[in-house]
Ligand code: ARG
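Shown below, as structure tokens, is a lone chain in the form predicted on its own; questions about how it binds or moves come after it.
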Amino acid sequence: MKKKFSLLLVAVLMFSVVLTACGGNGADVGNDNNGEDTSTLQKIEDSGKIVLGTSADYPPFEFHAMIDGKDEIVGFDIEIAKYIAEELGVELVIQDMDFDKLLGGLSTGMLDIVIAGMNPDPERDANFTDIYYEANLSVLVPKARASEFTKVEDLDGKSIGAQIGTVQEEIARETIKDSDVKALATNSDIVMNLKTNKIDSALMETPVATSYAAVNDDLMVIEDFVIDSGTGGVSIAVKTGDDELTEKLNEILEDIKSQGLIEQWFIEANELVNNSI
């Protein structure tokens, strides 16, 4: 009798394992309250909110500003996120994080989307939408030392600040000869290190470098030092395999572009920068 019971128990356990394996673990599904699979887009609609991950130290894309006496995260990317939330009929919830933590937030499901001036690097573990803005890289230096930098080769052997986890960091390490790369968490940290002569230069997206130079009289962007990022621009990131949400976001981005809102929001964000950094 004991032997028969043991065999029955083994059979039940094996059947349970098979059922678990058949459940799958697709990247774009979660579970609703009834334990049924649901897509990320459906989860957003059911919860009535979309959780945005960003790193708000990247003007004019995203940065902190005092609006009517209140500290708010604003910028070009934030306007895109607001439009997406409005189109989906949900509330926008913003999570401000270090840049190198954003994709981890996507993979764990803590974030629904990432809009943070992020390049669609194929080595990054994420789905990327169509490119919504094209930008190259520039070099930011102390104005008093500008005469030291007349050609790209003058960066060789110099210390270069770059935000950790970015394409800028990768390019600085791989293309600048004998570079001493200081990878820091935020662009604000990079600017502070530059102003206190702890680093010689900084590599940033051109509009970001220009924004910091505009509000720091002792810094400047080196003219003609435009470096191709090799990525073609910036995109929205979603969880790997989340094709349904990716396609929906592409539809919304196309609508934004067709209305000329990209250019409008970029101009408005730049106007905010001068009083906010």
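Please read these numbers as outputs of a predicted model, since none were measured by experiment. Residues carry their position along the shown sequence, with the first being 1.
Just so you know, the form predicted together with the ligand exists too; it's not on screen, but the next bit is about it.
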**OP:** With the ligand left out of view, choose which of Ser211, Thr246, Ser55, Thr40 has a non-hydrogen atom within 4.5 angstroms of it in the predicted complex.
**Re:** Ser55
Original post:
Is Thr166 a contact residue for the ligand in the predicted complex, using a 4.5 Å heavy atom cut-off?
Top reply: yes
Original post:
So in the predicted complex, does any heavy atom of Glu205 sit within 4.5 Å of the ligand?
Top reply: yes
**OP:** Considering only heavy atoms, tell me if Arg124 and the ligand come within 4.5 Å of each other in the predicted complex.
**Re:** yes
Original post:
How about Ala172: is it within 4.5 Å of the ligand in the predicted complex, going by heavy atoms?
Top reply: no
**OP:** Heavy atoms, 4.5 Å, the ligand in the predicted complex: which of 78-86, 175-183, 145-153, 113-121 makes the cut? Say which one.
**Re:** 113-121
Subject >> in the predicted complex, residues of 91-113 near the ligand [heavy atom within 4.5 Å] >> reply: Phe99
